[in-house]
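The chain below stands alone, shown as structure tokens; this is the form predicted on its own.
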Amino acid sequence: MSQNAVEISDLQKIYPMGELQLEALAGVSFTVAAGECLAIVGESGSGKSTLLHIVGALDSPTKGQVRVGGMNPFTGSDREVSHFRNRHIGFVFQHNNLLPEFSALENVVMPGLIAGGEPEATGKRATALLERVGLGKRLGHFPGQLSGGEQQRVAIARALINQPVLVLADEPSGNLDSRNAANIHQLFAEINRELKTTLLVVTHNQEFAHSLPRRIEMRDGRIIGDSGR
């Protein structure tokens, strides 16, 4: 496997807007070392979320190269891309997207089973992850019975269930009050330090961004700063 978790080269994304074209990414290039933790910052419309979606194989580039763990996620069929995404990339979104009819444990287990995990081993790993994020006594609780901060902890455990090459987080504390946000920020730092998980975080929270070892700043679809390397 490549020593880089992410390799981006001359990435471009153009969206057709009638007769016009919107250039959301304009030749972005950078690498992320395995085990690295960094923030992507910039004003709304700078291209942060578009970049995250392409790195996560939720969207495809117009031009350029993307490699995650040394692999190109865009070489196969839609089904193969979906499998790659499920197996190798974890996601944490601002809206946690938990399934309300399933317990915390079931929400974490499900991506593992979809990836072909053995049920008993997947259940044990999910339980350990929920204990790791401080929810060992909440395994059977449904999302509606959990606070916003607890729901986001479930989402983080779910992102880790398949031991992904990369975890992508898009405004993971954006819906939380300052205390819960600080707890989530600390949890990300602990996961990166203890599990050596590679983390790429889009955030408007400057305190969170500056707490991370590296920050990439974007404007108008381009990288204008890369600090901490």
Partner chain sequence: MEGNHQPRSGSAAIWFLLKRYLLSSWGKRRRKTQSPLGVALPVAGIAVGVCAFTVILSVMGGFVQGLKKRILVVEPHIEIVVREGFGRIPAKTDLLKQIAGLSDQILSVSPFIKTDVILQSRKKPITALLWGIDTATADRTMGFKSYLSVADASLSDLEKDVRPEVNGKTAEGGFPSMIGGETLLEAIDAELGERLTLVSTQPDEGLGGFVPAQQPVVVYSSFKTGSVTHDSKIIFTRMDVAQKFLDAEDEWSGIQVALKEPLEAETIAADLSRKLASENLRAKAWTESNKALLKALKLERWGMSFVLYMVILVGCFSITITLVLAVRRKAREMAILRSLGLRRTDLGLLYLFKGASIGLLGVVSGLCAGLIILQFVSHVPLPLLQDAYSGRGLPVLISWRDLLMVSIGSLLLSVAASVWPAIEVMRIDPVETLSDRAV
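Quick caveat, the model's predicted, so the values are computed rather than measured. Numbering follows the first chain given and starts at 1.
Beyond the structure shown, there is the form predicted together with its partner chain, which is absent from this document and is the topic of what follows.
In the predicted complex, at least one heavy atom of Q94 sits within 4.5 Å of its partner chain. When contacts are judged by a 4.5 Å heavy atom cut-off, R79 counts as touching its partner chain in the predicted complex. Using a 4.5 angstroms threshold between heavy atoms, N86 counts as touching its partner chain in the predicted complex. Within 4.5 Å of any heavy atom of its partner chain in the predicted complex lies no heavy atom of A26.
Three-residue candidate spot F30, A121 and P164; no residue lies within 4.5 angstroms of its partner chain in the predicted complex by any non-hydrogen atom. Contact with its partner chain, judged by heavy atoms within 4.5 Å in the predicted complex, is confined among 182-190, 63-71, 195-203, 33-41 to 63-71. Residues are counted as partner-facing when one of their heavy atoms sits within 4.5 Å of its partner chain in the predicted complex; in 41-56 only H53 qualifies.
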